[in-house]
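What follows is one chain in structure tokens, specifically the form predicted on its own.
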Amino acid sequence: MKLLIAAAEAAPFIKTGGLGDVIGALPKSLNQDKTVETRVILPYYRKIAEKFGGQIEDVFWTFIKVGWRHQYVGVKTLTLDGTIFYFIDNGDYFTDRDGIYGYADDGERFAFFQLAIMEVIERLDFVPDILHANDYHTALLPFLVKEKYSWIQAFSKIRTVLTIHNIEFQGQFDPGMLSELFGMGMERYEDGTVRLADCFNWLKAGILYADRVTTVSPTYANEIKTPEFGKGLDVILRMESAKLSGLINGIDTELYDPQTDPHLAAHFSVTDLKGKQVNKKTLQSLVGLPVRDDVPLIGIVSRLTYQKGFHLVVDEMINILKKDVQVVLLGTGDPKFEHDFTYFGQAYPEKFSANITFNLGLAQLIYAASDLFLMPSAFEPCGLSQMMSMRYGTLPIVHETGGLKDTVLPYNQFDGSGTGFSFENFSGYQLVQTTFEALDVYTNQPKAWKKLQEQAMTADFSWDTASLAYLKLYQELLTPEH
């Protein structure tokens, strides 16, 4: 099976969030199966050139039409961890710019990227059996396969998958783009197929044209079929629900390993947790909190946004700080939340440490040193932080939404099962009550706490397991009935 994954970002080359983590980790696990040959294609951004340019080789260059434009396409390659990565190079769109997203001509940039993919895969001698698109930046690939390039016989058997990592970003553009950039007629816009709210909607087109649509957790797959979470696409997703599924992401268990993590003051394991206390003392000292091993320490590592539920945290933090507890926060985001958390750090210096920045080493130390990890997102397609915290024996407190519901098993006081704590109703009251429950277990039920830690640390969130669901989906697509 030949699989080509197309995306706007991938670790370790460049990433802004979960999309980059997935595209970096999934191919490595898939390629362990000798029946699959997985390759990845990305834009060649300046930051990739700066970091990896010395290792990347040129394959060929050509020109393609982007509407009336005659645009240069350079194709480069690098093999990393057994996976062949291709890069689409163009100075105007990628290499001459500092960032990845946020430009006024993002539509033109990613239109070029998708057209370039379709134009070069034959010359790469890698026409895939499965073409896997990710988010709006590549969501038009299924549409292009079936509408613009259907005349190419080599493409007739390509099956397409679209993964929605975050439905908020849909690629909503002027319909004139169809002719202006893609050199196509307006028929599919005028008949409503690719139209939504008087825009040419790339994600809608991808959902309708892809053979299968996935998102990053089963619960989120159900949530996006509702008006509350569907962001205007819920009707389309209900209509196409037969081909929609939710597949949980994994984490890199080699990277996030308390036995080897280089950012920790001391290593530890599920059978020997003594090093966790060393990390706790190190973190307390580092951020200026009293060094105490008996006080429960709550960690927060996040973007500070409403989506992540921080309005609830701000509203209830004084109630939480009435308890004998310490809180360490790391993150940046909404200036209001940055201001409010800075205030808590100044008003409660013995209990609250606000670190309004991002520091990878400090983030890892917080995952490892904390007793609890607070993640009360209003919605969360998958989420990785809760899995990372569990890997380090730090029990998450989460809102039961999306991937948080699918990955955190709430504590059951009657049989001792669970890997963390969760609340169903998205309210400050429920957040506080669940936090108090967790603090009670920590303080008064040490045996139950230790069992929860063991269960959290041994939960299997590896990509080697998570990739099996993707492999099954690909194989189903290639069976004769598809």
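The first residue of the sequence shown is number 1, and the count goes up from there. Given the structure is predicted, the values throughout are model-derived calculations rather than measurements. Take the two forms, superpose them, and find the largest set of C-alpha atoms that agree within 1.5 Å; that set is the rigid core.
There is another form of the same protein, the form predicted in complex with a small molecule; it is not shown, and what comes next is about it.
Contact annotation: residue 363 falls within 4.5 Å of the small molecule in the predicted complex, judged by heavy atom distances.
In the predicted complex, at least one heavy atom of residue 256 sits within 4.5 Å of the small molecule. In the predicted complex, the small molecule lies within 4.5 Å of some heavy atom of residue 375. Contact annotation for residue 341: none of its heavy atoms lies within 4.5 Å of the small molecule in the predicted complex. Contact with the small molecule in the predicted complex holds for all three of 21, 308 and 358, each having a heavy atom within 4.5 Å. This chain is displayed alone, yet in the predicted complex one of 394, 385, 134, 170 has a heavy atom within 4.5 Å of the small molecule; that residue is 385. This chain is displayed alone, yet in the predicted complex one of 145, 194, 88, 301 has a heavy atom within 4.5 Å of the small molecule; that residue is 301. Looking at 180-188, 228-236, 325-333, 156-164, the stretch with residues near the small molecule in the predicted complex, meaning non-hydrogen atoms within 4.5 angstroms, turns out to be 325-333. In the core-superposed comparison between the shown form and the other one, residue 358 has its Cα shifted by at least 2 Å. Once you line up the core between the shown form and the other one, the Cα of residue 238 stays within less than 2 Å of where it was.
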